[in-house]
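To begin, one chain is listed below as structure tokens, in the form predicted alone.
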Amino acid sequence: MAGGQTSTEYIQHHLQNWTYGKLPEGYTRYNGEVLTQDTWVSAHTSQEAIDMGFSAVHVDTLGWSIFLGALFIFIFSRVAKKATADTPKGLQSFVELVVSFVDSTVKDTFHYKNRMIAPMGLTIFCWVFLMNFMDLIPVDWLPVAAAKIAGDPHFFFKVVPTTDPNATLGMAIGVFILMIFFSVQQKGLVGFIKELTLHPFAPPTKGAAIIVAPLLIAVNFILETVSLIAKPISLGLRLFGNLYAGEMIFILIAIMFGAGFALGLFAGVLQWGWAVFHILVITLQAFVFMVLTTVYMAMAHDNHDEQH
């Protein structure tokens, strides 16, 4: 552990993002400096990151997300340009396998016409997998390298974007916006409102029972709204929770390396075993995020009025 950190400090340091934000005038920084005006700086402590508030940016999360997204685009576009009709080999064979797998999965789940869904599923699966894959890099390698480049041994630098709820919930909100868009597109604004207010309990339209219709509409609206909002929240938190837990285990194993030769050997075995198991976890979580997104898109295209 660098800089004579305690185990608690080591864990807290590895779980803190590189945060860039604005500190207010009169704020006393970690070194006793009092700011004479509102200043945009990188947080040097977790408290400074908290005090920056909602406007703060996690630079490492954004940087790695953009880089890995660009890497996916570069690899797949390069393969597409060089693809041949001959028997695929090497990288082309792997890319075609991934594309075929995602395409068949989407076709099994999404039974409507929308040329955007399969490419979106491919993008989600590959992008999330690449972000998850960063968890397999030893926890100290990139943070220590970043600290040396920055010249600050306490420099914060997280390399797994999906361990940041801002990233996973941001993607989930994107899915939520598409759900609303396709729901309104396919059903019309009136149809979407009817879906929120007339299901699952159909209000009576005649007789004395019509008196309770407004109550049933209100109940339907509450139930459907809660269900709608719960989808993106659960989608984002599921991915974040699984990857955060995996990262925490790697950090705890890393602490054992500094606890003596015997525990260091045991930690090496644990790290290898957890890394092998974690390959399944990162792939499964990327697959689950893709499948649930496809399911939500299918639900958005589903028109209940056409079924009755």
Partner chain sequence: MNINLTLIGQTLTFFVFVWFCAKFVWPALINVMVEREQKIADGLQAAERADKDLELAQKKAGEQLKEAKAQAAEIVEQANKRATQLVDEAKEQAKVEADRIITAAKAEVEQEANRVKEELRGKVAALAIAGAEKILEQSIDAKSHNDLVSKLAADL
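Keep in mind that this is a model prediction, so the values were computed, not measured. Residue numbers count along the first chain shown, from 1.
We do not show the form predicted in complex with the partner chain, though everything after this point is about it.
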Answer for residue 261 alone: is it within 4.5 Å of the partner chain in the predicted complex, judged on heavy atom distances? no
With the partner left out here, check for me: in the predicted complex, does some heavy atom of residue 253 sit within 4.5 Å of the partner chain? no
Answer for residue 92 alone: is it within 4.5 Å of the partner chain in the predicted complex, judged on heavy atom distances? yes
Should residue 156 be counted as a contact of the partner chain in the predicted complex, where contact means heavy atoms within 4.5 Å? no
Quick one: find which of 166 to 174, 225 to 233, 211 to 219, 198 to 206 has residues within 4.5 Å of the partner chain in the predicted complex by heavy atom distance. 166 to 174
Can you work out whether the partner chain is within 4.5 angstroms of a heavy atom in all three of 272, 279 and 288 in the predicted complex? no
In the predicted complex, which residues of 84 to 101 put a heavy atom within 4.5 Å of the partner chain? 84, 85, 86, 88, 92, 95, 96, 99, 100
